[in-house]
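A single chain, nothing else alongside it, follows as structure tokens in the form predicted on its own.
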Amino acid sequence: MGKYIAKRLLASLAVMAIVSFMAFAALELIPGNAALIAAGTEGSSSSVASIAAELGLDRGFLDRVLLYYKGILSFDFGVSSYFGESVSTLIGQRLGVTFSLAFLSVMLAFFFSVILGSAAVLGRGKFLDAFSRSVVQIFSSIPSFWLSLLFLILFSSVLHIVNVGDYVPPSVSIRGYLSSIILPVAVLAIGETGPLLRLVRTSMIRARNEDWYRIGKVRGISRMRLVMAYALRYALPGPLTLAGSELAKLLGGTAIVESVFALPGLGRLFLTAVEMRDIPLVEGIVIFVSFLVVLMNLVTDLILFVSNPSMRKAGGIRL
């Protein structure tokens, strides 16, 4: 167990080192001057030089690299050239919105995938099975931006059920929070349900072909109990791993939905930072989201390792 964790940690650190350097190099190659943008059109040459010195743009490449990694190790990503606030503060203010949006979306998608997948296996070859496969095809092909606009028009403009753009933190009002986040959660959950449902159905069909399933039928155990109590437990590690991967993906992939529904999350903040060429903020968000993705993948692997006896006997996944 300790050896496996050590190997995964080393692999995660290597990924973080590569991603952080790629982010730094890519932003270095982008044309333009962040100091000029931060100073504005009426900024004097002295103010531009002062901002450039504050951002470290007047130093050599090696000095900027060392300063960059020093900030990462101390969790100090500098000051946003556009907002004028600490990058860490800006990320912290918006992290809760993006994380709750991603987490609730994956949980909702996982719940419906397990329900529909189990029902499809119980009625294999019948209506529920055909319905679940149709859901997979439809949900996997709908673009999130199109579905966001459709939900926005239907539930806000036509039915007037929710007010888009009035985000309410859960600390202020739980009801207001749910009202402001239910539509984007539904949009993201629909997009994630397709792959999860396909995997749940495939894993449970594979479980039904195992010897223990046939032995259970011979012993007179009902099909409902075999599927819900045994096949589902046997089939869950795969969907749980995929759910963890989808959560990690959504932590850095909610920008479009957040923009459509005017949510103050990391994705929308990142689009603003790119538009204004706010290099410290872009670098900070890229590194922080990359860290979250690597952390989620590590946690998912460890959960799978602990819950799967065959992996423990084999010493875990080979890196």
Partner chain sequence: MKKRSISFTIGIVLTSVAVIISAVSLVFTPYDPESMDIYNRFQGPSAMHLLGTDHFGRDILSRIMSGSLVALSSALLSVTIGAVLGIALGLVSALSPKRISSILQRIIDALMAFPTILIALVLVTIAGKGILPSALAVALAIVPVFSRLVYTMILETKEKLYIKAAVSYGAGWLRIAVFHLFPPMLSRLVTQFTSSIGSAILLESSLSFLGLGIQPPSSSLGMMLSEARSYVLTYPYQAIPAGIVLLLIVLGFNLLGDGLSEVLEGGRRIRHG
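Remember, it's a predicted structure, so these values are computed and weren't measured experimentally. Residue numbers count along the first chain shown, from 1.
Same protein, other form: the form predicted in complex with its partner chain, not shown, and the subject of what follows.
Every residue in the set Ser141, Leu149 and Val293 has a non-hydrogen atom no more than 4.5 Å from its partner chain in the predicted complex. When you look in the predicted complex, the only residue of Ile161, Val172, Leu73, Ile153 with a non-hydrogen atom within 4.5 Å of its partner chain is Ile153. Among heavy atoms of Gly253, some come within 4.5 Å of its partner chain in the predicted complex. Contact between Gln137 and its partner chain in the predicted complex is found at the 4.5 Å heavy atom cutoff.
Its partner chain in the predicted complex is not approached by Leu67, whose heavy atoms all lie more than 4.5 angstroms from it. For the chain shown alone, Asp63 is not a contact residue for its partner chain in the predicted complex, no non-hydrogen atom being within 4.5 angstroms.
Taking its partner chain as positioned in the predicted complex, the residues of 237-274 that bring a heavy atom within 4.5 Å of it are, in sequence order, Lys249, Gly252, Gly253, Ile256, Ser259, Val260, Phe270, Leu271, Val274.
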